[in-house]
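One chain comes next, on its own, written as structure tokens: the form predicted on its own.
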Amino acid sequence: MIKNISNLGDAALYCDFGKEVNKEINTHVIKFFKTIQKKKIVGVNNLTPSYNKLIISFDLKKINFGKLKKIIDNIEIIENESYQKKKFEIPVCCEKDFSLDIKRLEKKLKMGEEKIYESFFEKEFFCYMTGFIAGMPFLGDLDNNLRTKRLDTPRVKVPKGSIGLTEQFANIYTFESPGGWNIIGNTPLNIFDSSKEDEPNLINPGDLVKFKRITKEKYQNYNE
């Protein structure tokens, strides 16, 4: 399952699960992440799962790389053990003010606007990881007919709540931020809430997401 365990600076290591980006490998990462969380290893102070790696940060005053690696080497995961998944329905408005790149996508994908949205809203997405900006979920896997590259010139400001597409992923901008994803809509739902210290992310790795199209009127009057 883990291909390699390596140093990452003085106080972190990473567990490498392979080079591929797919749901099977990512599920292994998430299961291992959940297992480490439950173990509450003394000295471990942060866990960062990604598509195919898990970064484990630690306090050098309490544990070192050698000791932590030995613990990790001996951790066993029951493969049929399930982990808790949540399912979310995310409202999205695709009116002109919010669908900043839909015309570009029509040309790039050689598809009509409604066909693009039909394909997008039919899909159930799997959260591979969160990151880049706090709580931003990376959601796969887009159907092949919706896959395209980032913008050649990233925007200086992408509005909070924007729904973006690039390559095999969709994402949700949790804050106004620079970015180069192809924007097709916006959600009024707050995806990251820093006031919730225990669980600020609405969507976490392993969760499932379905998008639901809403009108601009519902967007403007949306109440969480």
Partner chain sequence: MSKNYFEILRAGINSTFQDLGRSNLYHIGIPFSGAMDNRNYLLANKLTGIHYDNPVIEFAYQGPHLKYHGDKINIAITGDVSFKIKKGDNFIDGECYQSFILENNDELDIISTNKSVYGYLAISGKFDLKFQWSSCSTNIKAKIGSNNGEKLSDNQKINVKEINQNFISSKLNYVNKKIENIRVIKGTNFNYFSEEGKKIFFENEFKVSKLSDRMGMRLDGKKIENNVDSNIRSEGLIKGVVQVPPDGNPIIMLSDHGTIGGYPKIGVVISADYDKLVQLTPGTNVKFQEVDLNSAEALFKLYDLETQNLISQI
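From a predicted model like this one, the values you see are computed outputs, not experimental measurements. Rigid core (definition): largest C-alpha set, two forms, superposition within 1.5 Å. Positions refer to the first chain, counted from 1.
What comes next is about the form predicted together with the partner chain, which does not appear here.
- For the residues N190, T27, N64, T35, the 4.5 Å heavy atom test against the partner chain in the predicted bound form is passed only by N64.
- Heavy atoms within 4.5 Å of the partner chain in the predicted bound form belong, among the stretches 117 to 125, 68 to 76, 149 to 157, 97 to 105, to residues of 149 to 157.
- Heavy atoms of L8 reach within 4.5 Å of the partner chain in the predicted bound form, making it an interface residue.
- In the predicted bound form, no heavy atom of V209 sits within 4.5 Å of the partner chain.
- Although the partner is absent here, V42 lies well away from the partner chain in the predicted bound form, with no heavy atom inside 4.5 Å.
- In the predicted bound form, the partner chain lies within 4.5 Å of some heavy atom of I133.
- When contacts are defined as a non-hydrogen atom within 4.5 Å, all of Q168, E176 and S195 contact the partner chain in the predicted bound form.
- Relative to the superposed rigid core, G161 undergoes a CA displacement smaller than 2 Å between this form and the one not shown.
- For G66, the Cα coordinates differ by 2 angstroms or more between this form and the one not shown after the core has been superposed.
- Core-aligned CA deviation for F33 between this form and the one not shown: 2 Å or greater.
- The pair K149 and D16 is tighter in the predicted bound form: their Cα-Cα distance falls by no less than 3 Å compared with this form.
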